[in-house]
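Read the single chain below, which is given as structure tokens and is the form predicted on its own.
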């Protein structure tokens, strides 16, 4: 049996939680954590080298914790229901070959797991430089009545991948999904 994370114990305080799904080298995560010290930040990353880089950057930040594992598993099984204020999914692998599309993280099941973990009116910000994947994400989100689609209105620091893609002149496609809570 899998137990949910005890976030208050892990962070040593009770504060709104932001989760960077696939936090990469930790640049975005740590910049946001410095900007918002009253929030807790959890970075989830599968690759050990990226976790190590994130850990070096987060060394002086008391509001950052890191988890090395598959992101979709962590979101589905480890995050308590209604525990997350905001998710960030920035530049997930687009798996551009059609035969690899099944490996993409944004699926109806993944969005349902995100919905469960988000608190009332919670958000997930998504960004990609891959137009086909962006259209697919938007279609999946649009067919899920548990989210409303909006524009990104927050001033977010650039991620490492965003800087690389902008330098190459690639357009960045952003999407914000807000949790729709059932009326009771």
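Positions refer to the first chain, counted from 1. Bear in mind that the values here come from a model prediction, so they are computed numbers and not experimental data.
The same protein has a further form, the form predicted in complex with a small molecule, not shown here; the description that follows concerns it.
Undergrad: Considering non-hydrogen atoms and a 4.5 Å limit, does the small molecule approach residue 109 in the predicted bound form?
TA: It does not: once the small molecule is placed as it appears in the predicted bound form, residue 109 has no heavy atom within 4.5 Å of it.
Undergrad: Does the 4.5 Å heavy atom contact test between residue 160 and the small molecule in the predicted bound form come out positive?
TA: The answer is yes: residue 160 has a heavy atom within 4.5 Å of the small molecule.
Undergrad: So in the predicted bound form, does residue 131 come within 4.5 Å of the small molecule, heavy atom to heavy atom?
TA: Although the small molecule is absent here, residue 131 would stay clear of it in the predicted bound form, with no heavy atoms inside 4.5 Å.
Undergrad: My question is simply whether residue 86 lines the interface with the small molecule in the predicted bound form - judged by any non-hydrogen atom within 4.5 Å.
TA: No, residue 86 stays farther than 4.5 Å from the small molecule in the predicted bound form.
Undergrad: Heavy atom within 4.5 Å of the small molecule in the predicted bound form: which of 149, 59, 154, 47?
TA: In short, 47.
Undergrad: Looking at 47 to 55, 140 to 148, 111 to 119, 33 to 41, which one sits within 4.5 Å of the small molecule in the predicted bound form if you count heavy atoms only?
TA: Of the stretches listed, the one contacting the partner is 47 to 55.
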